[in-house]
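Here's a solo chain for you in structure tokens, the form predicted alone.
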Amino acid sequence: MTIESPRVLMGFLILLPVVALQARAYLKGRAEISRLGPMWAHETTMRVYTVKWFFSAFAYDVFLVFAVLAAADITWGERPVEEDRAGLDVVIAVDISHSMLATDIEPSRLDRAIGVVRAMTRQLPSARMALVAFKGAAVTVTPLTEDANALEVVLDGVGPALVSAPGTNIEVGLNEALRSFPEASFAHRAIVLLSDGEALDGEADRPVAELRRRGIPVMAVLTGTTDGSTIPTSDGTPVLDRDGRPAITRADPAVLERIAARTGGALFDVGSPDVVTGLSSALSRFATVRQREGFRLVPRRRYRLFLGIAIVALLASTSVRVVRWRGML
């Protein structure tokens, strides 16, 4: 079982004020019944009121729980989908945030990442490739092209100055990469994500769910070390934190590992001597297997089940309140 939008589960917090309001309404209703005095069969009325309130409130709470579960887009199991494609389209998403200037990977994280891209394009000459650069925002530097020389030229200008928005947002990078695939393309599609995983903004779960649904794997390349390093400025001095001390940036492999695993991709380390060979082989193998099998497996989305239960619970909650019970005046 996989929760495609886990942040939605924060919606369960709404149950706390809802239950408090239900309890307040119950006590208020009891007080009003008590004020009616002998006009009603007091004990019978109070008993029926309590029973109806309990089942109505409980059913409404069930509605809220399953509505949140439906919105969280829970999946389990897989189903085959026909995949009539040929060739390979690869969108390369490169993190150009300032943390990529760190030198824990020499000469820098960004330089090493660009080196991997250059070598990979030479090993996959038949693939069409596009280049996306991102930090706080994302931009498509080169659309899908078979011209490896065009991609080689633009790589020289890839750096933090290419995008003005500060920060690091893997979500916008993946979204831009997804938009870079033409709708009319009949090639197999994959994304190569090169980043230190130090995401300061955004929520990658949203584009990851869409990539998983479309069968687009993310081959993630970790650029950086968990030991970390300072970030040099243009004059060579380190970037300082709020306390005036050199800021340390540390790579976060868990972020990239999660993205790769959920989309059916793989995680590579830029520091590995066979990173280019492994990455190129994984991309070639992905396209070959898909073409040979003629289908791919996609997760079964179960939101309809949870939404159906939520609707039934809401109808039950309303019915208990409005339907008159036999024997009541």
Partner chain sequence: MLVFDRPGLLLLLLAVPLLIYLRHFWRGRGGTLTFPFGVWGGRGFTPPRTAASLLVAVAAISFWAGFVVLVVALAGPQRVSRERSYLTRGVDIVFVLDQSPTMAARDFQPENRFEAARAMIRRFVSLRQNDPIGVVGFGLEASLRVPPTIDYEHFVSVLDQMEIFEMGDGTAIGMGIATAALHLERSNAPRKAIILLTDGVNNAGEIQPETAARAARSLGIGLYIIGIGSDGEVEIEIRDPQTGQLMRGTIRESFDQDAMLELADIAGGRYFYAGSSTALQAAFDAIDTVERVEQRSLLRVVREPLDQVLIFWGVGFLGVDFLIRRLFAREVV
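These numbers come from a predicted model, not from an experiment. Residue numbers count along the first chain shown, from 1.
Just so it is clear, the following notes concern the form predicted in complex with the partner chain, a form of the same protein that is not shown.
Out of the listed residues G136, P182, P232, G87, P182 is the one that sits within 4.5 Å of the partner chain in the model of the complex by at least one heavy atom.
In terms of contact with the partner chain in the model of the complex, the residue from R112, H98, R212, R128 that brings a heavy atom within 4.5 Å is R128. Of the candidate stretches 136-144, 253-261, 216-224, 166-174, only 136-144 contains residues with a heavy atom within 4.5 Å of the partner chain in the model of the complex. Although the partner is absent here, L13 lies well away from the partner chain in the model of the complex, with no heavy atom inside 4.5 Å. In the model of the complex, the partner chain sits beyond 4.5 Å of every heavy atom of W76.
Shown alone here, R285 lies farther than 4.5 Å from the partner chain in the model of the complex, counting heavy atoms only. Although the partner is absent here, F268 is not a contact residue: none of its heavy atoms lies within 4.5 angstroms of the partner chain in the model of the complex.
Residues from 49-70 that approach the partner chain in the model of the complex with a non-hydrogen atom closer than or equal to 4.5 Å are Y49, K52, W53, S56, Y60, F63, L64, A67, A70, in the order they occur in the chain.
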